[in-house]
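What follows is one chain in structure tokens, specifically the form predicted alone.
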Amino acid sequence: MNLFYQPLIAEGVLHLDADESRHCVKVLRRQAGDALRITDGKGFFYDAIITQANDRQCAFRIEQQIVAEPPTAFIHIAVSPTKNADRIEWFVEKAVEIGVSRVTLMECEHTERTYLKKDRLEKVAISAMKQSLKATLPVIDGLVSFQTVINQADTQGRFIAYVDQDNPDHLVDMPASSSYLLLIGPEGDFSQTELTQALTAGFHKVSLGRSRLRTETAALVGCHILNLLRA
């Protein structure tokens, strides 16, 4: 099944954009009268019929709106951007496939990269949403300071993944809740000051296992674990 994306269906836009139209008509050879499955990225699927197979603006009519099954929990991952942009793009792609509600790029004291193309990450997220047949597009935040992230935290579960010798609680053993925020630091980890600030703000220090993980790997492992927790 191919899933197409049109975020403005609720506003009355009943055609695919240029890129989606080209893929639909030129690559997949869809014609007028063929069925489409479309999502608006806002929790809905739509069964539609092509009315005009134009490779620049493929028009359709809606046959049925379907409410997608909602996620079991709101999962927010705040992660320090990696020096190699490809690695954070890989994380976004895989996290969307597994299930994530929001991704925030977080600037920490040891962050090596302070600029990433947000629009590029959004395109990666859209592609992953379609590939994994999901109906909700995660929010992608541009670079936000560590202090802003912890000050604005409003989830029930709040965790900071931190590597030390104290063997803190493993994330997998944390109680399940309806919403989570997990902080993932840069390759040099969070500073001691940042750890203290997070703990003061109500975050729980957690481990992701015995292995020392790269930033993007740690973020994905944390995302996967949170998806497995059940309230």
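In this text the structure is predicted, and so the values were computed from the model without any measurement. All residue numbers refer to positions in the sequence shown, first residue = 1.
Just so you know, the form predicted in complex with another copy of the chain exists too; it's not on screen, but the next bit is about it.
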Is every one of 97, 131 and 173 in contact with another copy of the chain in the predicted complex, taking contact as a heavy atom within 4.5 Å? yes
Would you mind picking out the stretch of 88-96, 155-163, 102-110, 137-145 that comes within 4.5 angstroms of another copy of the chain in the predicted complex, counting non-hydrogen atoms? 88-96
Though only this chain appears here, would residue 202 touch another copy of the chain in the predicted complex if you measure heavy atom gaps against 4.5 Å? no
Quick one: does residue 220 come within 4.5 Å of another copy of the chain in the predicted complex, counting heavy atoms only? yes
Is residue 213 close enough to touch another copy of the chain in the predicted complex, meaning at least one heavy atom pair within 4.5 Å? yes
Counting only non-hydrogen atoms and a 4.5 angstroms cut-off, does residue 69 reach another copy of the chain in the predicted complex? yes
Which residues within 36-56 place at least one heavy atom within 4.5 Å of another copy of the chain in the predicted complex? none
